[in-house]
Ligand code: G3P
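A lone chain, given as structure tokens: the form predicted alone.
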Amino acid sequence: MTLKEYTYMKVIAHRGYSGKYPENTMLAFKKAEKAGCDEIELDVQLTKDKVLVIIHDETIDRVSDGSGFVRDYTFKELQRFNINKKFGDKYGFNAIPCFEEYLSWVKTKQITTNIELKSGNYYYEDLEEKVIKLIREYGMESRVMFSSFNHVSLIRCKQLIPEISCGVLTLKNGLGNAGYFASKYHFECYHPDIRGVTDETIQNCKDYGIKINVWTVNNEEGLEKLYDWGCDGVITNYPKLCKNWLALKENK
């Protein structure tokens, strides 16, 4: 049984073009935009001096030549670390970008942004307020959405700026009755791990008018599943691969 009802599926670059370039760096974001992605997904946290920075983990150990918690460094101190651990010297020096640097760049581009609020393991004080303040300063209200594993953060965002869409992130076990849950709290999207998605999940979201953006899909088998389900978006480390695959699919 196919659940597909439409053909267009948005390609969302997971931490930028993270399959080929250092994740959550300006290089990865620029390469994703050039690859033709529809949207960039990124992660925001706060430094010791309350600067919004873009990095996934609460520590810098996995991606950089340093160690320690993001929240224990000032933004200036973080700038000395190279976010290039996976790629060695291949791409030179890449600093942790601040969220404002990203907004300054993306405001002139024809893409949208999925902002993941990293408040699941450590709840940063006023994270939502600070992110929204910058979005308003750059006039980006109509070109962003929020997502988070901490659904309390999404509730807070809806209180502060209800016109911005929110996506409920879940791990591989997913969330039962996800469409109802999202609709009950006025969230527009559900963002599950592909390993936990079933026909029932998709149908439940469709029944409640909830959009479905699935992560992290990096191969044709996964893309075929999402396409047949009629998902709204694919969150991927390889935006070029997904764009090419979709183009071929639509032209058959």
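In this text, residue numbers run from 1 along the sequence as written. Owing to the predicted nature of the structure, the values given are computational and were not obtained by experimental measurement.
Form predicted in complex with this ligand: not shown, discussed below.
Candidate from L169, C157, V106, L127 lying within 4.5 Å of this ligand in the predicted complex - any heavy atom: Result of the distance check: L169.
Options 157 to 165, 76 to 84, 138 to 146, 113 to 121; stretch whose heavy atom lies within 4.5 Å of this ligand in the predicted complex: Result of the contact check: 113 to 121.
Touches this ligand in the predicted complex: K225 (any heavy atom, 4.5 Å): No - in the predicted complex, heavy atoms of K225 and this ligand never come within 4.5 Å of each other.
Contact test in the predicted complex: D43 vs this ligand, heavy atoms, 4.5 Å: Output for D43 is yes: heavy atoms within 4.5 Å of this ligand.
Non-hydrogen atom contact K211 with this ligand in the predicted complex at 4.5 angstroms: K211: no, not in contact with this ligand in the predicted complex.
4.5 Å heavy atom contact, I235 and this ligand in the predicted complex: Heavy-atom contact with this ligand at 4.5 Å: present for I235.
Residues from 194 to 227 in contact with this ligand (non-hydrogen atom within 4.5 Å) in the predicted complex: Just W215.
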